[in-house]
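For reference, the chain that follows is the form predicted on its own, supplied as structure tokens.
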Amino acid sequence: MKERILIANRGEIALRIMEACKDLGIEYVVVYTKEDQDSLHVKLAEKKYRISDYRDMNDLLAVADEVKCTAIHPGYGFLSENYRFARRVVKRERSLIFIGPSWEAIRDLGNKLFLKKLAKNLGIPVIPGTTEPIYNEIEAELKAEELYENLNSQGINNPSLLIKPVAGGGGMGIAEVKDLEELRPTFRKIRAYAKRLFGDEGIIIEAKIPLLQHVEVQILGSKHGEYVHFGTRNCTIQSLSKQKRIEIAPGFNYESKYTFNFKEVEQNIINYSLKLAKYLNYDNAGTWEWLITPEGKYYLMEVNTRIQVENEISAKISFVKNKQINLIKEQIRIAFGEKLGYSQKDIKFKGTSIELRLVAEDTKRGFHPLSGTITKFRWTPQSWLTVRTHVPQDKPYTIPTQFDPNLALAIICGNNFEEAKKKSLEFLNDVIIEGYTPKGEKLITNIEFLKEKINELYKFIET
């Protein structure tokens, strides 16, 4: 049977999957909701089906059956890290291929406590803190006191702790505690919040890393036990809610001086990431996220069991047998059972790549997301620039209020960091996004914020 992929996502990632399918000669079908009917991914697709919601498993699978798809690509967000969906896709009577890792890997790595315990057992550094859910405030106080003593013994003075729900994510329901007197009332507050929002009042306590960089490792594994990495990315520039806004590959500035041996740290976090991937027989693209301190300490934070928004900056600097890689194409090939056809020694890295996320948001008001209509969206094409967007340039576009107001990704390449940074500023000074809000006011984007923060790339920031 000829392969046919259902693209279970929207916007720019749907467009990139469509492009990968075309390059591979594979048929595809897109889905869309009423709010997305003007999106480019809908306009450019030959076969498209309207659904009620990108999170509706029944709708997605009904379309897949209707058009006889053989596989589903979930992209990122929505159902991409929902192990129940991945399990249902592969175990139903008319089974499909899930273009991502196994559902077991999604389940296990998506559980932060499981990940932390497993990493510790494998000797992988994790953020100091509890590894079991806490439900009792007396136990919480004892654990916090123990953690304070541990941190002080390591020479960490005046440490803060984070009280976090076991369930949930995205920075929701996290509170900082600076001394034991604050512990019990804060614990009760977060426990009640977690029960109300997530249905699970379990709490974990972790040390707060006061100054850090956020560095991630791009891993690729196959169903044949092959494993490679495509280097590191630095994703330290984020919004207040920890949403990434600027990313750069490689994750360390090779032209700068650190107080520690950054090449050794980079190799260590790559090796540890591969060690965990191999232990779990991880069989697709995945990202291992690390926190790095100014002293060169490193802690595994989480694993994203999907393709990342920023995957293309890794692809832009990665060459397999002198040919630039495409990680989405690799995802698809691996899911269909192909071997990689290369090993780590065949991968070479060259240059620097930066990704800028253009978003309709008011960065001076807590990154408040904005809706409205875009009337003009223009930039000057350049050999070093790739713009990924679902926003049409030939007619007005209304930003759907149901989704994050991400407008475009700008991927800039340079021979080195300074060149990539200079070209990024050139793009930001050139690009035009004009429009108005539902109240008729001028539509605001984060372009000025990106201009300001481009100079803080590779710097350690306070959390």
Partner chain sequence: MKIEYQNLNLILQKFKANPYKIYPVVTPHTGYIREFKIKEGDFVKGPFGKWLEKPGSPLFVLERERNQKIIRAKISGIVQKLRTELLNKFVEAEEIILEIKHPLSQEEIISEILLSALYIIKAPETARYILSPTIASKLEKEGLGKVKVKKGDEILIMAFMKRETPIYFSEEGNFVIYHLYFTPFQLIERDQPLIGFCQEENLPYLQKIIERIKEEWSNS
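Worth saying up front: this structure is predicted, and the values here are computed from it rather than measured. Positions refer to the first chain, counted from 1.
Note that the form predicted together with its partner chain isn't included here; everything after this is about it.
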Considering its partner chain in the predicted bound form, find the one stretch among 290-298, 124-132, 215-223, 91-99 with heavy atoms no farther than 4.5 Å from it.
91-99
My question is simply whether Gly231 lines the interface with its partner chain in the predicted bound form - judged by any non-hydrogen atom within 4.5 Å.
no
Test of understanding: in the predicted bound form, would Tyr32 fall inside 4.5 Å of its partner chain by heavy atoms?
yes
Would Pro369 count as touching its partner chain in the predicted bound form under a 4.5 Å heavy atom rule?
yes
Examine Leu425 and determine whether its closest non-hydrogen atom to its partner chain in the predicted bound form is within 4.5 angstroms.
no
If the cut-off is 4.5 angstroms on heavy atoms, which of these, Ile433, Ala408, Ile51, Leu40, is the one near its partner chain in the predicted bound form?
Ile51
For the stretch 436-458, I need every residue with any heavy atom inside 4.5 Å of its partner chain in the predicted bound form, listed N to C.
Pro438
